[in-house]
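Just one chain follows, in the form predicted on its own, and it is written as structure tokens.
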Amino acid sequence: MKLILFYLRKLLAVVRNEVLVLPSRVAVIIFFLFILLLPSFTDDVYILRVFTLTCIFAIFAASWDLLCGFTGQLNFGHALFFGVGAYSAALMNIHWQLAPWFSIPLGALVAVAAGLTVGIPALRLKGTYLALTTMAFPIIVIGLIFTFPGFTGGELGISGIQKLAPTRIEEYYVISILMLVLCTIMWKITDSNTGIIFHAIREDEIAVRASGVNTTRYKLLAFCLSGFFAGLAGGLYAHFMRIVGPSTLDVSLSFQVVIWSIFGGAATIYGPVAAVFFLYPTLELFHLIQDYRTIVFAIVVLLVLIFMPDGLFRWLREKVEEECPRCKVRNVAWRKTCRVCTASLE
């Protein structure tokens, strides 16, 4: 009993001294609680479906940010990884009778292979040429799908895929918990030494190469990691929707993930995730005004991009938090001195 009380007091001390001191950390805790407790407040099938898909697309958006936001390698064909992961998981489940817990990670590994296939030739290019090249790969895969309709289902796609779990609530919990875990892993990657090198490559690749770092290897690593997480999202999508078609490789999906990431704030991981949770359910809500749905959505996105070019959620964070000029620790914006080194924040 004393041991339990000791660890409980230690946990409360960490929460009080490390979590409650910054609004962004409090927001993360509230977000986690919202995700985990949502089925306690509603068992509406439609709401759970919307938020389950939101969780899947949050993984997808974070994977794009891991590659493009941090390394600066523009990928306008990110749907390739999502679609390859979805099709691979579906084909393994249908033709080889593999359970979802095997087909999804194996599909993600196929997406990693796709990342290498794209990365090795494409990284010889930069900027606009790289973006246009990556856009071509999903179109090539769609052509292959139409070429072998007996195996891939052609234009009709693949249906009858095994469910992730027996009930919608169980499916929600499986996907939402995986989303929290995978997005946390991606954030930890960007916060590691590897993430620092990714960020440095985006800022000045020549200087990084001059310091002795093999930038090509790290860019390929970024393509593979991004492909793996996007492939997992695609596999989850296939087993949740129980149908996969050419739409999972559509160019519009690639541009959608770019919008989510830029809207929320690129090179943050939390920005694209928060953007998906704001934009996707909002767009679903707009079905009540179907005729004006697209234009309202476009106006909201344009206003944010014009007045908050660094992203909505990064802008909000900068409004409520301030970085100490001496120790670089973040503090609430209304503090006069740093909470760690007591340096003046005014």
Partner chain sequence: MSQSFLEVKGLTKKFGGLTAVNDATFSMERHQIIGLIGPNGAGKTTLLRLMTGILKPDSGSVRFMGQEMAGKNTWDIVNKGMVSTFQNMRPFRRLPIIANVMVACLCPRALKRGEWVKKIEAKAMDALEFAGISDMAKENASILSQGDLKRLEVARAIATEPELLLLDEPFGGLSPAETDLMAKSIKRLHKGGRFGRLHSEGPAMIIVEHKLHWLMMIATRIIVLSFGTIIADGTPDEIIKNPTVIEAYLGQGGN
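Numbering follows the first chain given and starts at 1. Here the structure is a predicted model, which means the values were calculated and not measured.
The discussion below concerns the form predicted in complex with its partner chain, not included here.
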Do Cys327 and its partner chain come within 4.5 Å of each other in the model of the complex, heavy atoms counted? yes
According to a 4.5 angstroms non-hydrogen atom cut-off, is Lys188 in contact with its partner chain in the model of the complex? no
Is there a non-hydrogen atom of Ser159 within 4.5 angstroms of a non-hydrogen atom of its partner chain in the model of the complex? no
Is the gap between Thr215 and its partner chain in the model of the complex 4.5 Å or less for some heavy atom pair? yes
Only one of Cys224, Leu130, Ala200, Ile243 comes within 4.5 Å of its partner chain in the model of the complex by heavy atoms, so just point that one out. Ala200
Please pick, from Arg209, Arg124, Lys163, His95, the one residue with any non-hydrogen atom lying within 4.5 angstroms of its partner chain in the model of the complex. Arg209
In terms of non-hydrogen atoms within 4.5 angstroms, which of the given stretches 137 to 145, 95 to 103, 252 to 260, 215 to 223 touches its partner chain in the model of the complex? 215 to 223
